[in-house]
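The chain below stands alone and is given in structure tokens; this is the form predicted on its own.
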């Protein structure tokens, strides 16, 4: 139990309400979660000792599938070769599936305690405990046993309970007793599922209420408990359970069924309870540009942010009051493509344009002046970025090159290097937050890493994980993780390793020099929720990341508290700029986010 991150009880006051069916579908839906960066590892503990149903639900012959003993403890029965869903039930320990269990309370309690203490689950994201009906010895024993278990990877012994009922008044009456049990045992109730809520005709797929309906929702409203959703009776689901075999088990079949689609919103509501649902609320919409907003950027020290637009202007705002401070106009002859603040304690803004130039703008006394103009690119400048100390400025262009400029003592600029390893347009450049390490992403689908080797800037690593244009790159604030996004909506997380480590050798992404120390490997791929190109990425901190792109969504991701290799979708804000694409986002601090879109607005959001 020390590696189990979440523990969930599934309860019902009455037998025959389909509690094991709900347990099974909850487990399968969690495993195939669309909002996590990988399939979740699930365990199901069946403590309905006199009527174990879980082996049957997963098509396991209890006389063929047996519990194995190891030095670490009992090894669960797994549903397939992936070992991502493990099962533990008394049914796997009985000599025959026909044997009855005629045990008194003390023996049942001893068996449950042994299940809790002796089963070696390994790393689990969720342990779901299928309980018998009522509020008897089994319930008291499982709660007491779990309270005695400690773990560094979960916040408490029990995350909460899911109540299962059918629509009829008799079933909901018994659930009220289960609610009272949870209150007395100080167990949080995550919500109620109304099972058998209608019957799906196998011929026409119409749903008919063969019982009454709405009893679960009425009960939830009465006790102010979340209502997770309703599940109808589907004969095809029952047939699928009965017809399982070694090649067509439930864990492989279920994700493609209509029932999985029915259960999806229930799991969404479940996650909202587990993770204390967050939201992104609109604070203000700032207009003034006469064309699309290509770029927004927040000053790292001062309360300022800037927006650059197709209308060739830059608007600068106070990020605390959201008042317009200044408009930079008249220098660039084409669209302003990117703006970037120099990381110093005075307002200096670099502005890149489709006219092929970069202007450096600084507030001197009470006015803004263009103090430098950088020329050299043969085509549109697509992105600019300052190094962490502000002594280097990187620029990239449609001309396939990356330029590195160094600032002199009198704030002039010298070109230090022209990097030409990319074979197509270079869309983005980004610096490591504490090292002079530059990365660039291109239309050629690659990510290049650049360092000063003492004589010149050299290509130290090239990643080829993407299969389409790399539009966005951003290092986490600590620099431990690089995030990248492409034209197909894929977002990948990369972490640095070393060539003398087996992982770097076996899973090398460095196609240039596998033995070089600059070795980066993919540690996760975020859930694919964007329907199109992802143009912008922004970190709030090492555990919270936002993305936006051509589908008009702003998506916020969060890593699991005890495992930063697992990421989940926390917020999916659709139509954030109505029907328009979003080109750029940036965190302003204090949980505020600014976004710029094709509607010409900069919108301010608050993360609640």
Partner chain sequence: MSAALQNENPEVKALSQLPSRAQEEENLFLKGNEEWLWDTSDELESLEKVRDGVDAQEIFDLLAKINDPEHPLTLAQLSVVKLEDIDVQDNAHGNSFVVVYITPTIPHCSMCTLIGLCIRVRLERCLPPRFHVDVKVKKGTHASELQVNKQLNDKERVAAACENEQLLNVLNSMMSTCV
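No experiment lies behind these values; they were computed from the predicted model shown. Numbering follows the first chain given and starts at 1.
There is another form of the same protein, the form predicted in complex with the partner chain; it is not shown, and what comes next is about it.
- In summary, the region of this chain contacting the partner chain in the model of the complex, judged by heavy atoms within 4.5 Å and restricted to 50 to 58, 563 to 571, 26 to 34, 576 to 584, corresponds to 576 to 584.
- Proximity of residue 310 to the partner chain in the model of the complex falls within the 4.5 Å heavy atom cutoff.
- Heavy atoms of residue 598 reach within 4.5 Å of the partner chain in the model of the complex, making it an interface residue.
- The partner chain is not drawn, but in the model of the complex it has a heavy atom within 4.5 Å of residue 535.
- Residue 335 belongs to the set of residues with a heavy atom inside 4.5 Å of the partner chain in the model of the complex.
- Only one of the listed residues (292, 278, 326, 120) places a non-hydrogen atom within 4.5 angstroms of the partner chain in the model of the complex, and that residue is 292.
- Of the residues given (254, 471, 520, 270), 471 alone sits with a heavy atom within 4.5 Å of the partner chain in the model of the complex.
- Taking a 4.5 Å heavy atom cutoff to the partner chain in the model of the complex, the contacting residues in 430 to 460 are 443, 445.
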